[in-house]
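Okay, here we've got a single chain as structure tokens, the form predicted on its own, with questions on binding and movement later.
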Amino acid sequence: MSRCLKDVPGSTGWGARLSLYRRRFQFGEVLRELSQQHGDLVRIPVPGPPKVLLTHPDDIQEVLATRAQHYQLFAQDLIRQMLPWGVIAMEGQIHDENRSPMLLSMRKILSRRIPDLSQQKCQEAVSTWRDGEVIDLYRVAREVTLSISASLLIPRPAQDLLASRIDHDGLLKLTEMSNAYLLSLPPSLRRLLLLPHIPHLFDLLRTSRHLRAQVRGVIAEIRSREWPPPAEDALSLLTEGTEVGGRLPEEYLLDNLLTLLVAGFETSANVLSWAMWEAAGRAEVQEHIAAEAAHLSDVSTENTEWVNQAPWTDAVVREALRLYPSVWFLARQSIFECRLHDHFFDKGTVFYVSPWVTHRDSRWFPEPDRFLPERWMQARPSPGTPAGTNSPGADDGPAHRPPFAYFPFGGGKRFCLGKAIFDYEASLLLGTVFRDWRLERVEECQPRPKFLVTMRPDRPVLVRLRRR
């Protein structure tokens, strides 16, 4: 006997909807509770098209990778208001045509620019630290990742031109424009709930226009001058097009540069602040990283080999990505009728997949709520496999763990463009910090995840510095 939507467990009555609305800023916690209560397939009590949470890796792989062409992005209209032609908001052929040159440009930047740039920015970040000082790890991570993201967009001689003009706090406001619950609602209901926040929305729109104008002005200023080769920045690579298979169309250029800036900055900062915070709670982990970091070189190009051969540092980053995936929630809507988990679903059904939920499933990760980088030490890539070049959806764990039990960078054709760059800057920042410093948690500081479109700490992440 075939099963369908009505056979999927989970309450969708008005009582359940009201309860979820009251806990909308803990949306991730709610999804995890529902999964623990009902299993791998559960109805979510959100108005609009029927919504189903998928938590089994095989179902996630089906939606994100195996049959990705049968699903489309859901509720991306708010993102399109900020980045109308950014690859993050595109679908179909236009997405594929824009993604290809951007992916190739990221690979060129990784080899030509990131080693030197990451070392410079990480060293600048710790150069003013003082013994006994209390710092906010989230602010440190923000400053480093924004500086790197802004600098990799434009030619090296002009690297400070863009970063010096960006309003850090204004950029963060744009990433706070919505939360996952709000994105899940039908547009009409969403507009109704946003009415009390109209002044804030106008402020966000002004911030967005200002940011676009700033980046547009920098692009025009850079293009008015000639810069020496080689091309090692996104603007040069995407406008020349000779090394990335063709130029990016002019009408898409600004939005895609902004995509690289925003996505490469805020998502990386979230994970890095959690990684340093969790390491601060385990002295022995800090010592392992410090022992590896003792081999960091003053010659930036030599550190590429170090990044590939620092297992504890890599394990800490992986474990932070498991526990605190910055992109914690993805939604796909079926274009056709489909079958998942032995259930038939109508066209238009929305499927949620959540790294936050699946990564904390004890079937795949014993003691799922504990920070245990040791779990990754037996899952290192084979010799000769560079860190950061793992294929999308590759199995990063023991043989019993399905590929999509761990997917902090998504999967399929929308796999994160900047994964390899993040891997490099994350390892280098942790090595630079713990080589010379020990971190002690400030006792009264207890940060918790804040479930916006991305997942970030809900307060400053405070630690005290102790020089080694």
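One rule holds for the numbers: they count along the sequence shown, beginning at 1. The structure presented is a predicted model; accordingly, all values stated were derived computationally and were not measured.
What follows is about the form predicted together with ligand HEM, which we do not show.
Contact with ligand HEM in the predicted bound form, defined as any heavy atom within 4.5 Å, is confined among 42 to 50, 25 to 33, 433 to 441, 402 to 410 to 402 to 410.
Contact annotation: Y424 falls outside 4.5 Å of ligand HEM in the predicted bound form, judged by heavy atom distances. G264 belongs to the set of residues with a heavy atom inside 4.5 Å of ligand HEM in the predicted bound form. In the predicted bound form, none of the heavy atoms of R363 sits within 4.5 Å of a heavy atom of ligand HEM. Ligand HEM in the predicted bound form comes within 4.5 Å of a heavy atom belonging to V87. With the partner omitted from this view, the residue of S118, S268, S105, S151 that lies near ligand HEM in the predicted bound form is S268 [heavy atom within 4.5 Å]. Comment: ligand HEM is not present in this chain, but in the predicted bound form one of C338, L330, V285, C122 has a heavy atom within 4.5 Å of it, namely L330.
The candidate spot formed by H95, L260 and R414 is fully in contact with ligand HEM in the predicted bound form: every one of the three has a heavy atom within 4.5 Å. Along 446 to 468, not one residue places a heavy atom within 4.5 Å of ligand HEM in the predicted bound form.
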